[in-house]
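Given as structure tokens, the chain that follows is alone and in the form predicted on its own.
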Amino acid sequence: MPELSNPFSLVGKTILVTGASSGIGKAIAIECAKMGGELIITGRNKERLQETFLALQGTHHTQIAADLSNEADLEALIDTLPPLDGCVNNAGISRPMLTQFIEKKDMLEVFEINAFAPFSLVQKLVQNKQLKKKSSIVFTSSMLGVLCSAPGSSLYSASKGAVNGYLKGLALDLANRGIRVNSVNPGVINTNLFSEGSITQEQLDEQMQRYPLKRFGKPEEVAYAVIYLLSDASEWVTGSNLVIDGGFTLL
């Protein structure tokens, strides 16, 4: 029987995944490893990063605990990285807060983690020529700030809007090197954020009904989209936003 072709395979590709210690980032790392990728995962929480590392299928993976908003940690990470075929910028925080209560320190923290840190990471990778020709950069963005917003989400939306503007320009800057830049833009994804008790089950059920498919997304469903953007199947895709929102933004 002839070997089946798989354009979504990540075999032979070395991929950096930030924010891999939990949620969507953890799912991205696990699913990329299943597709044959050689993973370098990073995150701020050493214990949870270790859990992700132990869940990776295959061998030759690496874990590096780092806070990418810390310049020393960022430089140390850059110094240890091999040439990359893919970089998934997933680290981020949400800070639900009505606009009138936002303080300057909140703005700086959200933008530092959601925007400035990944911008600096990518800039250093480009400057050091650590991204191979035909490599792929993927940002985990959001439907918020790109397609819509929500009460209490002005700051988070602003940070994701900044990511969207950055990736569009970056895609043009790197096109002559064959490097592609895209984002995945999820709606609400069922992660451990819901177990922290800040949102009641009634509120979750009500919000779920606003989605045409009547459920929230799963972390692995975002991961599958990231795999597409990292793989050779998307070689002619750059500067794009892949919306994964259960139809929410149709309404």
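Just so it is clear, the model here is predicted, and its values are computed rather than measured. Numbering starts at 1 and runs along the sequence shown.
There is another form of the same protein, the form predicted in complex with a small molecule; it is not shown, and what comes next is about it.
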| property | result |
| --- | --- |
| Answer option from 56, 40, 66, 223, heavy atom within 4.5 Å of the small molecule in the predicted bound form | 66 |
| Partner-contacting position among 113, 148, 158, 126 - heavy atom within 4.5 Å of the small molecule in the predicted bound form | 113 |
| Whether 86, 170 and 230 all lie within 4.5 angstroms of the small molecule in the predicted bound form by heavy atom | no |
| Residue 61 within 4.5 Å of the small molecule in the predicted bound form, heavy atoms | no |
| Contact label in the predicted bound form: residue 241 to the small molecule, heavy atom within 4.5 Å | no |
| Partner contact for residue 33 in the predicted bound form: the small molecule, 4.5 angstroms, heavy atom | no |
| Touches the small molecule in the predicted bound form: residue 91 (any heavy atom, 4.5 Å) | yes |
